[in-house]
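We begin with a single chain expressed as structure tokens, specifically the form predicted on its own.
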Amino acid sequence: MQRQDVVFSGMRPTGRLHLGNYWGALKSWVALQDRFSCFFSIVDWHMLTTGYSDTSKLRDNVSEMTLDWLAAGLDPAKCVIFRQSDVPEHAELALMLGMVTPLSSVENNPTWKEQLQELSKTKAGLAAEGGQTRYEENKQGANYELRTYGFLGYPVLQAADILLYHGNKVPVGQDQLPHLELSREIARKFNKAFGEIFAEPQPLLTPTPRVPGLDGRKMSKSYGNSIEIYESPASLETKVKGMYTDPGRKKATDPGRPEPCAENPPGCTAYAMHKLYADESFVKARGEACRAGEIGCMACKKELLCEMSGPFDEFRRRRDAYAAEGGVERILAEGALKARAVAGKTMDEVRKAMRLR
């Protein structure tokens, strides 16, 4: 049976989102909702795979992230927005897919290996600081213990998330292709055992522009260098004015180095932001003016603030409107009903194929 193209993607609820999240994923999601049948999930069960030791902020983080999705332009009338844990069929399908998934497939997952390596480094570092007691004290808050069944098996749950809606298109960056290949492998294993139920999900390669943080490093909450989608005009202005530029420029007339180079490896954050918010001809001219010492950093940042203010005003308008309506739980509940209608049909197919019905 020929099925329509379905897009599935999700995010772990970690609270308010920043520009790295927007340009790396949300912006493409907003475009995709006009082209495909889209399911976008707040994957709170995935959050538990590494954050199980402290769930005190989980509900608030779900609400904050949903509001940011809506602020960015996701429209509940055009796509299905729902919370993963509201659709128990995700867990049921993950169980069924786990029956055919080789242990080697999850043990060789590069992300799992990398996280365990980080665990070893962290444990060694804390032990050097203050012995095993220091490690035990920090382990609970930072969740350094990742040798759990849930974390090992998260690729199976990820495959279930996609396949439950017969998702055949998954927006990913180039670096995420190995993760999607695991889902494809699991789909193949299931189909070989029980018949052609699932299409192998294909990547929708999305552009992932470089979004530096305020200090020139990658934008990240953990670095404290991010610009949130819901910045007030005052805080946005403060952050733009404080962006990293070229430390070699002492005067506005000094030649600048806007692009990353040996002398200024991070490059200028303000210039990188111009690439996101201004047109190509402006960016080219701005780079030339900077290199010639024809414009100072503060004047450049003032223009950047003007470029960013319009989009941020729109973010705030949409977010405030949904928040005032108290619409987050309603949207998630309505989304869960739509998601469960599709998920229920898929599980009927799966149970029949596995002769459980």
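On a predicted model such as this, the values are computed, not experimentally measured, just so you know. Heads up: residue numbers just count along the shown sequence, starting at 1.
One more form of this protein exists, namely the form predicted in complex with tryptophan; it is left out here, but the text below deals with it.
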Exercise. Heavy atoms within 4.5 Å of tryptophan in the predicted complex: does Thr208 have any?
Worked result: no
For this session: Consider Asn109 of the chain shown here, and say whether it contacts tryptophan in the predicted complex, taking contact as heavy atoms within 4.5 Å.
Result: no
Problem set entry | Heavy atom of His179 within 4.5 Å of tryptophan in the predicted complex | yes
Exercise. With the cut-off set at 4.5 Å between non-hydrogen atoms, does Gly20 touch tryptophan in the predicted complex?
Worked result: no
Problem set entry | Tyr154, Phe82, Phe198, Tyr165 - the one with a heavy atom within 4.5 Å of tryptophan in the predicted complex | Tyr154
Seminar exercise, completed: As a check of understanding, the residue in Ala72, Val100, Met219, Val172 with any heavy atom within 4.5 Å of tryptophan in the predicted complex should be identified as Val172
Problem set entry | Candidate stretches 190-198, 211-219, 228-236, 155-163 - the one whose heavy atoms come within 4.5 Å of tryptophan in the predicted complex | 155-163
Problem set entry | Heavy atom within 4.5 Å of tryptophan in the predicted complex - qualifying residues of 22-47 | Val43, His46
